[in-house]
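For reference, the chain that follows is the form predicted on its own, supplied as structure tokens.
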Amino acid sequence: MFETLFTPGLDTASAAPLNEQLQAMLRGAILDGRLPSGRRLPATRALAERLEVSRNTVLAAYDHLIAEGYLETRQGAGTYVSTDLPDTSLQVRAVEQAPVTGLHARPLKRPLAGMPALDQFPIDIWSRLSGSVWRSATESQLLYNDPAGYLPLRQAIATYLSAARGVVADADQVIITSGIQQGFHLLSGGVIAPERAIVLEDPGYPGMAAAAATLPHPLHFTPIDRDGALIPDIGGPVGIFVTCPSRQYPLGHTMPLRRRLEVLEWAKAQDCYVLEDDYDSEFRYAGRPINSLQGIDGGKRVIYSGSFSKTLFLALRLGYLVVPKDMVPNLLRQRMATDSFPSISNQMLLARFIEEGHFARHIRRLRAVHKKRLAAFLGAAATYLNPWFEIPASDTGLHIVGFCRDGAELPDDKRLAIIVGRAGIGASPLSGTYSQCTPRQGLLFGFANIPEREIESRVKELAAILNQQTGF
């Protein structure tokens, strides 16, 4: 059986690393049933010899699939396909990892949480490309009015997402937006029947809840647990369920494979769509980002959304939806009836930025910078903020959660966020992310946009301010 599975073997001439090729091979075999739950896998040394690769290559592939929930280890007995997969798991094909081919807001009263390292943005490259793009602009570009957005940018996004996130899509399925909230409005007007409900996570992104409240659909919420969003149970028809499986906002939980498959099975039974908000999945600092829910689904029922606000800068205001093919005509009609087509200027520039490899290099640089800043912030917080906050360890994202300790006599977290801003640290109130569930008091601390050399001094200053407020 394994001889067939591992034939013809790994492609040493491919640009994709060997361990990622092996991950894709095993993941696909698990999802389409060739490797059933409970099947024992070959020992790492034996498989390495069979594939003629280093044992570390096999170890890396196994470790990643264990982290994703596809595999499990049994002490003294080896590695097995996880027995925690639903018996009725969807028969979907895994996505091969294809290689990637080729600023300032108005003055703020206090720093923003959840921003990337803006001091690392390559303004010189962006400026040079801007001049180049406009010097070579054609008349057809100046008259470009495609309601889906600039085709070269859509092609670049589809290629990038296939390689980086396992998204199943071509350029015709990508629709450029000004961000996820505009995309939400397009979906509401284009594909969701008015009587069908919108379901959001609770807690969740306040901007999404505010946008949903303006729409003509019933609005419901589903709580979360350590595995992310619970399966909605609202007692009525659902049109779309919005979830952040890669990193739940705001608490940061990653949805394991079992829950992901349950969500897909539920959506199929409900005959509804899932909107996957993948808002900052690029920033995972221990191992590779886990593949998208859309990729597991095969692009049939999951709509994938993302933006460049977290990877580049907030004022760019460019995002995208990746939608099922049969949904495209309705969404384009909705776009033409509202704002006709998106502005092309920044789309042309961003397409060139991605095509020439600058975007991929920028992401790699940000991961390294953010990882150091995260470690510095967590270390400083453990030293100075422990009397007031419980801060769980984290290895993802652009913010960390600090839960207010009982008995710390802190002001409410809305006022607390303003106080934290005085120390030059971006923070937003955790309680503001809750809609119907009982809110918890805490803060979302931004760390990524603080120079590493300044983190300890700012956290120390915050501790001094809090000490004055609380008397610790």
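For every residue, the number given is its place in the sequence shown, counted from 1. What you see is a predicted model, and the numbers here were worked out from it, not measured in a lab.
What comes next is about the form predicted together with another copy of the chain, which is not displayed.
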query: Interface segment, criterion being heavy atoms within 4.5 Å of another copy of the chain in the predicted bound form, picked from 393 to 401, 176 to 184, 320 to 328, 376 to 384; finding: 176 to 184
query: Heavy atom of P245 within 4.5 Å of another copy of the chain in the predicted bound form; finding: no
query: Touches another copy of the chain in the predicted bound form: G76 (any heavy atom, 4.5 Å); finding: no
query: R135, heavy atom within 4.5 angstroms of another copy of the chain in the predicted bound form; finding: yes
query: Another copy of the chain contact at T83 in the predicted bound form, heavy atom, 4.5 Å; finding: no
query: Partner-contacting position among L314, C272, L332, V369 - heavy atom within 4.5 Å of another copy of the chain in the predicted bound form; finding: L314
query: The single option of L219, A360, L151, M336 touching another copy of the chain in the predicted bound form, heavy atom within 4.5 Å; finding: M336
query: Any residue of 137 to 159 that, in the predicted bound form, places a heavy atom within 4.5 Å of another copy of the chain; finding: E139, Q141, L142, L143, Y144, N145
